[in-house]
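Single chain ahead, written as structure tokens, the form predicted alone.
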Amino acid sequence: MKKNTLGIVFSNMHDETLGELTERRTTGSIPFGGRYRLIDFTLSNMVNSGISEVGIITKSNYQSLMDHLGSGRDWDLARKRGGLCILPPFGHSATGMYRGRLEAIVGIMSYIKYSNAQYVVMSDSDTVANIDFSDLLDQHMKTGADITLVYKRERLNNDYPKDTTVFSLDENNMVSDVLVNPFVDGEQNIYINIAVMSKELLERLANEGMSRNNTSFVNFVLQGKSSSLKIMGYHFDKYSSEITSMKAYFKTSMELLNEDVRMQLFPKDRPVYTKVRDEVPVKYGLSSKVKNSLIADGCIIEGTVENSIIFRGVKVEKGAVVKNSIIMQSGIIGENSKLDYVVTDKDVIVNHERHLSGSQMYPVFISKGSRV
């Protein structure tokens, strides 16, 4: 049904706020939930909604992303026509890097023009949610909107990044006012950086914005054009979370231990696809103890794991205790070590008898390939 729709994914819009998580990778390729990458949710949302032509805009540190996506076969996007296309950075002549979403769009304009799609769905890759874009597109067409923005109702707090966008809606669900990082109380309509519009309008707005030296989609389009364009809101009322900081990453990961959250993120009729790895099942030792945790395949658990997320190929040795922690792929937790509120990146080795402890607000992070 949605074969006339092009998907555009920004893989790295919040790299600078995620600290060491994006030191060697882009936002879209951050490991999440034991076996996924963040971009898997956005790609799966598009594929499950019938969008079979998707362009991934990159900027820097995207080797890990390319390794993960490959040809797009695991998302059924390896096609002769359309399918998955990774779009390298092209933008400002002085740096070779784009400065905002509009400039990024101009940089891939030849790709957009080549598409036969009538509509474009644009999304960041840091939103953990299971969204049916078919409903979004249906509402967009029924209302005759120029642009439809996806939002959630939530109270703003200090955890939100500085570029958080909120907007007001009138009685007809049209956007009447757009604010960036406002000082407001109570629940707000928070834009989660997913928008749909016609391809023709996107091309026109991107070119007009660049001719006025305005590279920001929010500033030039949403704020500058709200009175001249029919901009509508689409309320997403199920679980969603934006990974815009290490604190948000840890909080969202821990929420996966809630069964209700897992049911909303991974419904049987709308699976989240990822790169397939053929691993053996988890091996539990005789002395192992596991409570309220997610443990991926290929792991060897001989110690204690509580309230934690353990990625593929991790080994927790005898006497080791891992609580309230995230251990990424191929990590080794040595004998009699104790970890509490710790996040280890891929290939981290924690030697015997080590004690590492952070807090819920400030978990300890250990960089990729480190030995502690």
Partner chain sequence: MLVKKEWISMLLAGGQGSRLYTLTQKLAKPAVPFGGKYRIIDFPLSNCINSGIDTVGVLTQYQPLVLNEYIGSGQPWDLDRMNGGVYVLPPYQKSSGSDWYKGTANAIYQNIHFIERYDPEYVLILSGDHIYKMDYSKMLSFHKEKGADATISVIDVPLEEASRFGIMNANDDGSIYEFEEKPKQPKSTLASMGIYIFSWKKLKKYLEEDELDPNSSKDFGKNIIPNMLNNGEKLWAYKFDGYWKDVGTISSLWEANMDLLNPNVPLDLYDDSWKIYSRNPIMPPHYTGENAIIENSMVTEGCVIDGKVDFSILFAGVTVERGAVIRDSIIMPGSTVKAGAVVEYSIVAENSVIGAGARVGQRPEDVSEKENWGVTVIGDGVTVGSGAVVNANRLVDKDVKNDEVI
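Quick caveat: nothing in here was measured; it's all calculated off a predicted structure. Numbering follows the first chain given and starts at 1.
Another form, the form predicted together with its partner chain, is not on view; read the next lines as being about it.
- Three-residue candidate spot Gly7, Ser11 and Ser216; no residue lies within 4.5 angstroms of its partner chain in the model of the complex by any non-hydrogen atom.
- Heavy atoms within 4.5 Å of its partner chain in the model of the complex belong, among the stretches 185-193, 231-239, 148-156, 289-297, to residues of 289-297.
- Shown alone here, Val272 lies within 4.5 Å of its partner chain in the model of the complex, counting heavy atoms only.
- Contact annotation for Tyr36: at least one heavy atom lies within 4.5 Å of its partner chain in the model of the complex.
- Looking at Arg73, you'd find a heavy atom of it within 4.5 angstroms of its partner chain in the model of the complex.
- Interface residue remark: Lys283 is counted as part of the site for its partner chain in the model of the complex, having a heavy atom within 4.5 Å.
- Out of the listed residues Met141, Ala78, Met109, Leu257, Leu257 is the one that sits within 4.5 Å of its partner chain in the model of the complex by at least one heavy atom.
- Only one of Arg99, Arg277, Arg204, Arg212 comes within 4.5 Å of its partner chain in the model of the complex through a heavy atom, and that residue is Arg277.
- Taking a 4.5 Å heavy atom cutoff to its partner chain in the model of the complex, the contacting residues in 248-266 are Leu257, Arg262, Phe266.
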